[in-house]
Ligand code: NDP
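Single chain ahead, by itself, as structure tokens, in the form predicted alone.
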Amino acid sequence: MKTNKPVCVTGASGFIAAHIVRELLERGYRVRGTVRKKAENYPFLLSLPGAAERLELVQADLLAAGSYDRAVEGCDYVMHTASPYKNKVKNPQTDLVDPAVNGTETVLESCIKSGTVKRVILTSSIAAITDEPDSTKVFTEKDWNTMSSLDRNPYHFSKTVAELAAWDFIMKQRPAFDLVVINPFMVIGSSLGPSLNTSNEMVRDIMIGVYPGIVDINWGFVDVRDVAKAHVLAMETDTASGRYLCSAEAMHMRELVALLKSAGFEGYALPKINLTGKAGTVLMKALSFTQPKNIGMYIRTTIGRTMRYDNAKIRRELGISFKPVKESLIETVNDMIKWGHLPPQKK
């Protein structure tokens, strides 16, 4: 046990945060989670093993100054995961950037007020490292996304400026606590709550015919339980510092489709046409202009490129070993069927 005081987890009902709460409870910690509604609205958190004795849920608002004072009061460690993740937004500034940046600063200010916080673990993203794969480059924690903007991949931009704001806060305010950042790639796996997270939604879209064919794109995947464990290890490891790229392995769309077929999901509308060649990439880029702006931009900046990255730092310094991505993907599909996000397979 690193602390007998509550560990604060912001946005506790979120996909990653709920697993962090569970991981902490399993290790015997007391947890204080922030939520937007009253506690009774989150039965999936209140029913976790150990929750009745060691979980407290308090309401907080990302955009309300001082909203997190009560949540972090008396805590040694704070895990800030609360941040919007949406690809379809009307106003990127108000829907993505403001909540991400202002929310991060609000939490850090509350941590200073507490006088007890020793470390903040921030959930960032691969989006803060790059929004455009580069076949000639291996990305690491040293890389920063310098290309995104409100017009180009605004979600990536929001994660980048939010993390930069956090580091800038630490540099200027020089608080008594330090900052450690986790940068996951596509986070998949079983959900503790009923909502559908964006990465799992992408897998669902592949299965229900949203993609016209198998396109030349690959993603880095990581199981949500590993991401949760990485946060807790970042808290428990005194020497943890800086950023940690958190991803198990990369997989091309053709491998993903082949895996789903071999796992018995061939009854879904999986893409069959091979569009991975140059002609297919040109066609998909042209078709991307028929999609909502943010989705179209994401397609144009990723398709036809290969994402390569190095996860040696997190394995070496935090001692984490990752679950096989193929197992996580199959669990993801079965979990979406269980929650009703994916219809049962036609016989």
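Because the structure is a prediction, the values reported are computed rather than measured. A residue's number is simply how far along the shown sequence it sits, counting from 1.
This next part talks about the form predicted in complex with the ligand, which is not shown.
S.K.: Is it true that 61, 68 and 123, all three, sit within 4.5 Å of the ligand in the model of the complex, judged by heavy atoms?
M.R.: Every listed residue reaches the ligand in the model of the complex, so yes.
S.K.: If we define contact as a non-hydrogen atom of the residue within 4.5 angstroms of the partner, is residue 81 a contact of the ligand in the model of the complex?
M.R.: So residue 81 counts as contacting the ligand.
S.K.: Would residue 186 count as a contact of the ligand in the model of the complex, using a 4.5 angstroms cut-off between non-hydrogen atoms?
M.R.: Because a heavy atom of residue 186 falls inside 4.5 Å of the ligand in the model of the complex, the answer is yes.
S.K.: Even though the partner isn't displayed, in the model of the complex is residue 36 close enough to the ligand, meaning a heavy atom within 4.5 Å?
M.R.: Heavy-atom contact with the ligand at 4.5 Å: present for residue 36.
S.K.: Since only the chain is shown here, I'm wondering whether residue 197 would be in contact with the ligand in the model of the complex (any heavy atom pair within 4.5 Å).
M.R.: Yes.
S.K.: Want to guess which of 170-178, 124-132, 109-117, 210-218 is within 4.5 Å of the ligand in the model of the complex, heavy atoms only?
M.R.: After filtering at 4.5 Å, what remains is 124-132.
S.K.: Of 92, 193, 99, 271, which one comes within 4.5 Å of the ligand in the model of the complex, counting heavy atoms only?
M.R.: It is 99 that has a heavy atom within 4.5 Å of the partner.
S.K.: Quick one: from 16, 325, 24, 333, grab the residue that has a heavy atom within 4.5 Å of the ligand in the model of the complex.
M.R.: By the 4.5 Å criterion, the partner-contacting residue is 16.
S.K.: Only counting heavy atoms and a 4.5 Å limit, does any residue of 140-176 reach the ligand in the model of the complex, and if so which ones?
M.R.: The stretch 140-176, when checked against the ligand in the model of the complex, contributes 155, 159 at the 4.5 Å heavy-atom cut-off.
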